[in-house]
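Next up is one chain by itself, shown in structure tokens, the form predicted on its own.
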Amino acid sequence: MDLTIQQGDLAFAVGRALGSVQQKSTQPLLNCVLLEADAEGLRVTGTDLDVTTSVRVPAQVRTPGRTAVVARHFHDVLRKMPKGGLTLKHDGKQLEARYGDGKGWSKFPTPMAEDFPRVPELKGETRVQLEGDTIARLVERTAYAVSEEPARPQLQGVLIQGDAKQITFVATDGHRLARAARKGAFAEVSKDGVIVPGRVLQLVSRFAQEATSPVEIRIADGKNHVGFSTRVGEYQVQVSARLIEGPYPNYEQVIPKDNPRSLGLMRTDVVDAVDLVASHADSNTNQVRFSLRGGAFAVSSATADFGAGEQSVDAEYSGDDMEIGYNARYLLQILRSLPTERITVRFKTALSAGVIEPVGALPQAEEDLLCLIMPLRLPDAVG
């Protein structure tokens, strides 16, 4: 392999491929990225067998070839090199990079590229397209709610459903739920949907924000793999991953249909209050108390170790007196995901799920968002 490439192009490709490389693996090649040079340029691939990221960038290839190189070390050295052209040559034993008009060079050992895992190819798959900024928003508004519990693998992913009217992203860990949708014809995805690992969508969101073409979502016929591909300027980026086997829980059953108590407030006001008062909360439960009495609203918390605090917040509430507890961390994640300044929190009892929704149309009128949070039991609660 012998080629010339811009330092910035190579650094972009290696940096993005690095997102699929494990920190440490017992299989040495999984600590590497694969470099493949051909007439179309250079493709850089990283994988942990479950998730694969490939990036194709322009290069002047004199001699095609392929080699593997330890990913993190190569990236650390590469990003310190000066901007401009550099040459890469592989002689079968090591990879040499020359930079700075020949003023500097680095050499890297290269494992046997022949044993590098094959990049998955999706054949006969379902295909739909979304704009990059749309995918990034749908991920941002849902992926925070995936479960971190290995015992519940289905909840470690985001359910993506489609029908003739919209595409929907849903995530829940049993304590909170987020559902974001975009209008459009997406019947190819099906109502049953597929479950994409949350960490995969975090990778996808990163390049989707930079995308200069729509992001194509491909689902293999067997519904065991998914692929996301787009262009970022001159770069072609693709992420492929194993899907999580279902079924996903029937989340629609847990969304309340009749929460008669409604609390209207300004989002930043309650974020600031919860964030401050949670400083006094128990470090395990992160519990804060919502107190609704005589039309007034306050957030409070009290523990033996961290003291106590309370803050009143301007709000609109006309229901019966009520007190309800929430996990402050979960609550803040939901509140910070909402794109409107005015929000509504709807309750039924102190032990039932609360629904949090933006007030008015979202900045993107064709999109929709609903969040749900389960309360924490307050032994002395009213309501």
Partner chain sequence: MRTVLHVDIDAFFASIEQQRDPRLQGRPVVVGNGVIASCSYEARRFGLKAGMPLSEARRRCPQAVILDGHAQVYRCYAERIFEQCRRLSPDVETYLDEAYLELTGTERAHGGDLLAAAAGLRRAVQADTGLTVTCGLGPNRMLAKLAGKTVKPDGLAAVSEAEAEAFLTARPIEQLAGVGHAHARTLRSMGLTSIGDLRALPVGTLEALFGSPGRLLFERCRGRDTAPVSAREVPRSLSRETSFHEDTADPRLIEGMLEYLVGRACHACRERGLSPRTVAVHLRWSSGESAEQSRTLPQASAVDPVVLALARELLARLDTRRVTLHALGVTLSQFVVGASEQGALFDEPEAGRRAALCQALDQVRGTFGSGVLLSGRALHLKGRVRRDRYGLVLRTPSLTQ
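Because the structure is a prediction, the values reported are computed rather than measured. Residue numbers count along the first chain shown, from 1.
One more form of this protein should be noted, the form predicted in complex with the partner chain, which is absent from this view; the next part is about it.
**Q** If contact means a heavy atom within 4.5 Å, which one of 86-94, 160-168, 203-211, 284-292 is the stretch that engages the partner chain in the model of the complex?
**A** Comparing against the partner chain in the model of the complex, the contact stretch is 284-292.
**Q** Just one of 374, 11, 18, 359 has a heavy atom within 4.5 Å of the partner chain in the model of the complex. Which one?
**A** Flagged contact: 374.
**Q** Go through 117, 184, 309, 174 and name the one with a heavy atom inside 4.5 Å of the partner chain in the model of the complex.
**A** After the contact test, the surviving option is 174.
**Q** So in the model of the complex, does any heavy atom of residue 250 sit within 4.5 Å of the partner chain?
**A** Residue 250: yes, in contact with the partner chain in the model of the complex.
**Q** Is the gap between residue 332 and the partner chain in the model of the complex 4.5 Å or less for some heavy atom pair?
**A** Close contact is absent here: in the model of the complex, residue 332 is far from the partner chain, nothing within 4.5 Å, heavy atoms only.
**Q** Contact with the partner chain in the model of the complex for residue 267, defined as at least one heavy atom pair within 4.5 Å: yes or no?
**A** No - in the model of the complex, heavy atoms of residue 267 and the partner chain never come within 4.5 Å of each other.
**Q** Using 4.5 Å between non-hydrogen atoms, is residue 327 touching the partner chain in the model of the complex?
**A** Contact check for residue 327: yes, within 4.5 Å of the partner chain in the model of the complex.
**Q** Looking at the partner chain in the model of the complex, do all three of 152, 353 and 378 come within 4.5 Å of it through at least one heavy atom?
**A** The answer is yes: all three residues contact the partner (heavy atom, 4.5 Å cut-off).
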